[in-house]
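Okay, so we've got the same protein chain twice, two forms, each given alone as structure tokens, structure 1 and structure 2.
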Structure 1
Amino acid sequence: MKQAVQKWAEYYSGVENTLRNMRQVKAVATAFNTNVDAVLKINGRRLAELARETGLDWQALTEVKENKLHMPQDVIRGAFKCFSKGIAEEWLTEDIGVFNFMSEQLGFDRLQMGGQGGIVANALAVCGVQQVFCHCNSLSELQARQFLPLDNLLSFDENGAVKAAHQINRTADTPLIHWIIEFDKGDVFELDGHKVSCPKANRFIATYDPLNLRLVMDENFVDYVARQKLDAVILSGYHALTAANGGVELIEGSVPVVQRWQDRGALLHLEVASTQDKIVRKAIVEKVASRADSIGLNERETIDVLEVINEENLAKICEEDCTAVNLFDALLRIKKKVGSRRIQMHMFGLYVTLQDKDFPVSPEANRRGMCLAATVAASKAGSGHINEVKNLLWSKGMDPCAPGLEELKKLGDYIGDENLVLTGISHYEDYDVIAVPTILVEKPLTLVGMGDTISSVSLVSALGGQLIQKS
């Protein structure tokens, strides 16, 4: 293992270069979901107080019939469910009463950029991509303030003029605010003689968002972007749709829009995201993931995809034993059944990419991109934000984590390549395999938006490296 640690220190030492190469990337668009996140750190005591204030006893609190917010009490139920299991979930509501309850009774510690589209746009712009176009179906002043004040970060005003996103104020738009309720590991909750300790720092998201829940599009963005020569489009925002709201038709309706971007030569990456509605999840997989050049998911989302491609058994195996080896089998199965040319999975301690041999980004470029993504993600977790260039490489020099290296070793043994732990690059059947042990931060200051950052930085920075090599 000592040799492996040394090798990875070597690969990781290239991150500064890889970051610099991102400036070669001319234009990237992010779509569709951008919103404002109201972040609230809650402790067990306050959560129990809220349960009591809203009239929930232990039984009513723990009785979760549906992962949905019908009434204010459901916000407490969802938060408690995530707190007690140390998991991340997002529940939706269409009831403004629930939104009012959160504004009036919960409050927040800070506002920040939310939604995969917005988070990725900020990250790519600060990393130096020359032009980043961000889709916003609502761009109020409050939303604009969540954009970094950068000239390369662009969106559209109400007349369709392209401008620095932070300077736009579409006065008729209502801000779309999601509550991000975070909790710490080890925190204790007590109610009616029951005592629960939180096993893992995580967060619960409560979302009232009439526009993103209907995949409303800004036509100005859609048309302008279709006329640009883009290097990549980072796509997301389907996860909040529901079948009852015509989610499947909305997904179908978006396909020609996305196709136009792809026809102009943009590499299309879909961030799968945690999708509660299974009918919608299946439609995302069949209609969008299947035509995306690249898809990104975490371990939970990988299992979720298995469930909608008739791989329930494998889903169960991964659920019971969430190892890199089992997840690798899952990726293979998804790759074969869904058909995207590149799949990247990020799990605790390790990123794994499986791609077609002729994919336009080489395995080496992928490895460089994945090392940079791991560095930026750890920097975000450790420093609290990556709003400034100086924070991007905050974690540079930290060792790749031991659990990641161990998983990588087992994965290498499994695919019959004992060198994988030293190189991170191999092949299996007809595919290239690239796997990178990540950097772990002991006490993360933030977790929200991590997956989005990892997927986009790794792909776009890998692209940047290729552009340099070609020129």
Structure 2
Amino acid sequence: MKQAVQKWAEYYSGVENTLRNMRQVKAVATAFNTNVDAVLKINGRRLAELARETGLDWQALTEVKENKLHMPQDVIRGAFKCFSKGIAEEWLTEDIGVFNFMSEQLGFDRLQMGGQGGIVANALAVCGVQQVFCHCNSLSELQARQFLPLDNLLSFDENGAVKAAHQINRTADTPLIHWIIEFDKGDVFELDGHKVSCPKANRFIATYDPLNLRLVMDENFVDYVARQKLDAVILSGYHALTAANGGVELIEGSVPVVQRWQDRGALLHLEVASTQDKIVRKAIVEKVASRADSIGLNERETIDVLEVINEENLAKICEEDCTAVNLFDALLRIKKKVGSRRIQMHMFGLYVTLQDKDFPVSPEANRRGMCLAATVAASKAGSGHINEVKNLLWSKGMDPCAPGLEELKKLGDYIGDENLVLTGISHYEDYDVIAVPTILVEKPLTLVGMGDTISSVSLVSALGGQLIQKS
């Protein structure tokens, strides 16, 4: 394994050059979901105060009929449920009264960019892509402040003019805010003689986002992007839809829009994301993933896709034993049934890409892109943010993790290529296989948006390297 560590240190030594090559990528668009995350750390004492202020006694607090925010009291019910069980849940609302309550009574400790579209746009812009167009169905001043102050990070004002996103203020737009309410293990809540200790640090997300929940599109963005020559479109935002809210029809309605972008030559990458509604999940797979050039998933999302392509047995195997070998079998099955030309899966310690042999990005360019993505992701975890160029390579020089190398060796043995642990590149059946052991940070400061960052930086930086080779 010592030889493998040395070999991967050599591959990782090229990340600075790979990052530099991202400047060759002329234009990328990110769509559809962009919002504001309002992060709030709350303790048990304050949560109990809010319960009393909103008229909740113990019985009313613990009586949860539906995981949805119909009234202000439901915000407290949801937060207490997650606090008392140490679990994470997200409840949604389209009620402006609930939004006003959260704005006025909860507040926040800090604001940050939310939504895959916004997170990816910030990441690609700071990495040096020449133009990054970000879709925003709401772009208030509050939303604009979450964009990095970069001239290459663009969106559209109310008149359809292209401007630096951080300078736009559509005054008629209401901010779309996801309150991320965090709590600590061991904190205590007391109400009406009842006492509860939080068993595990976790969070409750209370979301006011009526536009993204209905996949509302900014027509200025849609029309402008359709006329441009784009290198790639990073697509996301379908996961918040529900069948009850017409999610399947909304997905179908987006297909002609997406097709226009592809017809202009853009490489289309879909972030599958965690989609709770199985009807919507199946529609995403059948109607969007099937036409995407590339899709990105983590291990949980891989299992979720198996469940809607009639591969429940394999899903159960992966659920019970989430190894690279089992997940590779899952990727093969998804590749054959869904048909996307490239699939990238990120799991603990390892990234795996499975792609057609004629995919326009070579295995070597993919490996370089995946090494850069692992470095940027670790840098984000270790430094807390990648809002500045100097933070992008914070983790450069750190060794790839032992668990990743071990999983890579097992995967190589499984596909009959003992050199995979040394090269990260192989072939299986009709596909190229690229696998990269990642860098792990022992005490991460943040994990928000990590998967989105990995997928987008990996693909777009690989495109940059490919453009260099062609020039």
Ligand code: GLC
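Keep in mind that this is a model prediction, so the values were computed, not measured. If you superpose the two forms and keep the largest set of C-alpha atoms that fall within 1.5 Å, you have the rigid core. By convention here, residues take numbers in order along the sequence of structure 1, the first being 1.
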Identity of the form predicted in complex with this ligand among structures 1 and 2: 1
Kindly check if the Cα atom of Leu297 is displaced 2 angstroms or more between structures 1 and 2 relative to the superposed rigid core. no
After fitting the rigid core, is the C-alpha of Glu182 off by 2 Å or more between structures 1 and 2? yes
With both forms fit on the core, has Trp91 moved 2 Å or more by CA between structures 1 and 2? yes
How much does the C-alpha of Ser197 move between structures 1 and 2, in Å, given a rigid core overlay? 10.1
